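Shown next as structure tokens: one chain only, the form predicted alone.
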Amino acid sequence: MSVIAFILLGSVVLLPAAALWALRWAAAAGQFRCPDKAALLPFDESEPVGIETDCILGGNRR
């Protein structure tokens, strides 16, 4: 077999295996327990939920 065949076979086996391992780790570590609370983590007093504070592509700044 050529080197390309080994690379393709390895990617078909190793990449999905790594993704499944990461999903299992996240579930075991409790990363999916409270998605509603996790969705609010990027927000604070300087950028509250529901209020646009940036000016990307000519948006209005409040």
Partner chain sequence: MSHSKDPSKDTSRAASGLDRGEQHDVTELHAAVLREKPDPVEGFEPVNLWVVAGIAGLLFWGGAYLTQYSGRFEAMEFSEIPHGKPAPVAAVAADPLAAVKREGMLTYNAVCALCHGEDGAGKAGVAPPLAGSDWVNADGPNRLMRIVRHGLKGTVKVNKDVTWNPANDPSIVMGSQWEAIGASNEKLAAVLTYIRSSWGNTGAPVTAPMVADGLAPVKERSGDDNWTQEELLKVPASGAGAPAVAAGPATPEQLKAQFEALPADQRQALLKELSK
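As the structure is a prediction and not an experimental result, all values here were calculated from the model. Residue numbers count along the first chain shown, from 1.
What follows is about the form predicted together with the partner chain, which we do not show.
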Margin query: I'd like to know if I51 sits close to the partner chain in the predicted bound form, meaning any non-hydrogen atom pair within 4.5 angstroms.
Written below: yes
Next item on the list: Examine A39 and determine whether its closest non-hydrogen atom to the partner chain in the predicted bound form is within 4.5 angstroms.
Entry: yes
